[in-house]
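There is one chain below, alone, in structure tokens, taken in the form predicted alone.
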Amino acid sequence: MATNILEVKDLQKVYPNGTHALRGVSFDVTEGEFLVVIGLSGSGKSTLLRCINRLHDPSSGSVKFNKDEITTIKGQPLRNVRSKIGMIFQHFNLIPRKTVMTNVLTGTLSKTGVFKSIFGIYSEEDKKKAQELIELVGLSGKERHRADNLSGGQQQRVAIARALMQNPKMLLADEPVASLDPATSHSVMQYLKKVNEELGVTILCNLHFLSLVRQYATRVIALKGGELIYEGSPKEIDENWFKTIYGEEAVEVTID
């Protein structure tokens, strides 16, 4: 029987300006899943991911990662949990003037420390692992290229390799293909699928396009106005569910 790696219960987030971004969201994620979160912009998707890794503090509710409550921890215990939860952002967050290899190696920051990272002091073991991950995401031969000389899709693949340097048990991907064109979107999603299937890393990913969701997700949850309104198979999202999630006027756009 599959084990839960993440348990979210009655999660609430109210921002200081009064915006109620999450309203009692509850769901579980099992080890090895590729769970996708869908919903309109402003539905709470990004807030959800940021509450899970504590970039934002939840207002109330519970988040358990590997059975450990993480909504209240601080300091070193929080850093220990964050080292097990990788994060990929929409805009890559790379160091533009640094090489692919250096950007991937910065993923070791939690164990290397700031001083060694600033001066580029990395172990041979870390360099070997970075090389393997660069190959995993299909960027062999680009090790010495500057990040800002790469295409958007290549930069996102560097970001995936960087996140994997910390040996995460789970990867959070916040709209990882929103800045990319359709063909590149599939390329990045295929590498995330590879990470999920070959390395066994659980993935929790925010996406806009249902065509991508149907192709890559093992399960879907949908948010609307901060509430969870759908949980199930991507194949079961018919036209009625689509309009419930995205609104009566919405038209589905397909990425081929």
Ligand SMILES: Nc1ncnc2c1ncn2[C@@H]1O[C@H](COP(=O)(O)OP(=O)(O)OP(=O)(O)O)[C@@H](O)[C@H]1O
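Just count from 1 along the sequence shown to find any residue number. Just so we're clear, the structure is a prediction, and the values are computed from it rather than from any experiment.
Same protein, other form: the form predicted in complex with the named molecule, not shown, and the subject of what follows.
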Considering the named molecule in the predicted bound form, find the one stretch among 36-44, 185-193, 212-220, 62-70 with heavy atoms no farther than 4.5 Å from it.
36-44
So, E175 and the named molecule: in the predicted bound form, are they within 4.5 Å at any heavy atom pair?
yes
Check H208 for me: does it contact the named molecule in the predicted bound form (non-hydrogen atoms, 4.5 angstroms)?
yes
I'd like to check something about N240: if you look in the predicted bound form, is any of its heavy atoms closer than or equal to 4.5 Å to a heavy atom of the named molecule?
no
For S233, is any heavy atom within 4.5 Å of the named molecule in the predicted bound form, or not?
no
Taking the named molecule in the predicted bound form, which residues of 13-35 have any heavy atom within 4.5 Å of it?
Y15, N17, T19, A21
